[in-house]
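What follows is one chain in structure tokens, specifically the form predicted on its own.
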Amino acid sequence: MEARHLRYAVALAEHEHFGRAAGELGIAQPPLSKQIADLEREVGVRLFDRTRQGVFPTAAGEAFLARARRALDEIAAATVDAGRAARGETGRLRLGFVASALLDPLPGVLSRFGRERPDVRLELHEMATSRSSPALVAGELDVALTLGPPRGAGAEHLVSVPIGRDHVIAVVSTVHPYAGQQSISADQLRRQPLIVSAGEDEPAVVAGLRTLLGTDSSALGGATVARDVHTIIGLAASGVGVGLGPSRMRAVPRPGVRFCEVTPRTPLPDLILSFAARDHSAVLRAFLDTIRKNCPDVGAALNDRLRPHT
């Protein structure tokens, strides 16, 4: 039994006439009569009474037609669902990201993706680079936003593209002695209690700070460790010390703090978008399209990484 048999039976029930039903179906009457007879043999009961007044479903036929119509509706829905899934309009996307990505560019990307793909289920996980990289390699994430490229076993099987560059700035409370300065020098930082990211979570960031302050800096060794940029800003506002973090911290509207440049200018690891090279899912393609729209400078690099190289 095939879907066409169900369509033939439904059309015959609606038109109550072999000729009219065949006309709607776009086939000749004899093949339709034969297909209905074959269907009745397969089902094992007579589905239609043939009379001079027309062709009418039997009681068995009515029962069969009720399920046939539901089956045809399900087939039509399945076709629609398959098309939507193929276009990345449904499904699931698991995204791991560092907290600073929520300052930029993640809010714009997620907002646009949500509007364009409202039926895609987003599973969002804030996590440090040290955790998201192995999770991506293990297939526990579909996309990761990390500080610096993923490293370790399996990282060679990932596609990684920079989507943001940054450098170190300082944040202090409005009553801090440095609050009126445009910039703070490395020597001044060495004389202050500092607030920094956890080294085990973001080793590349801490490596940049060691370059700035010196590998044997006691200020860095005794620094207060914060989980994310929001905590760094909050502790600085509380007068705990001078917070050091990415320049995108400026996007956080927080009263009671001042942001200052740090000299010498010290680059931080790039914000990196990574995903598995073997992942060709439609939802991932849709997400990457949103990245291209919101981050135009990233599009060319992303296309280059995805283009087959000979």
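One rule holds for the numbers: they count along the sequence shown, beginning at 1. Just so we're on the same page, rigid core means the largest C-alpha set that superposes within 1.5 Å between forms. Quantities reported herein were computed from a predicted structural model and do not represent experimental measurements.
This next part talks about the form predicted together with the DNA, which is not shown.
Colleague: Sort through 264-272, 59-67, 279-287, 31-39 and report the only stretch with a non-hydrogen atom within 4.5 Å of the DNA in the predicted bound form.
Modeller: Only one stretch passes the 4.5 Å heavy-atom test: 31-39.
Colleague: What is the one choice in Val257, Leu47, Val252, Val55 with a heavy atom within 4.5 Å of the DNA in the predicted bound form?
Modeller: Only one option qualifies, and that one is Val55.
Colleague: Is there any non-hydrogen atom of Gly19 lying within 4.5 Å of the DNA in the predicted bound form?
Modeller: Because a heavy atom of Gly19 falls inside 4.5 Å of the DNA in the predicted bound form, the answer is yes.
Colleague: Within a 4.5 Å heavy atom cut-off, is Ile27 in contact with the DNA in the predicted bound form?
Modeller: Judged by the heavy-atom cut-off of 4.5 Å, Ile27 is in contact with the DNA in the predicted bound form.
Colleague: Please determine whether the C-alpha atom of Gln29 is displaced by 2 Å or more between this form and the one not shown following superposition on the rigid core.
Modeller: Yes, its C-alpha moves 2 Å or more.
Colleague: Val55: after superposing the rigid core, is there a C-alpha shift of 2 Å or more between this form and the one not shown?
Modeller: Shift of 2 Å or more: yes.
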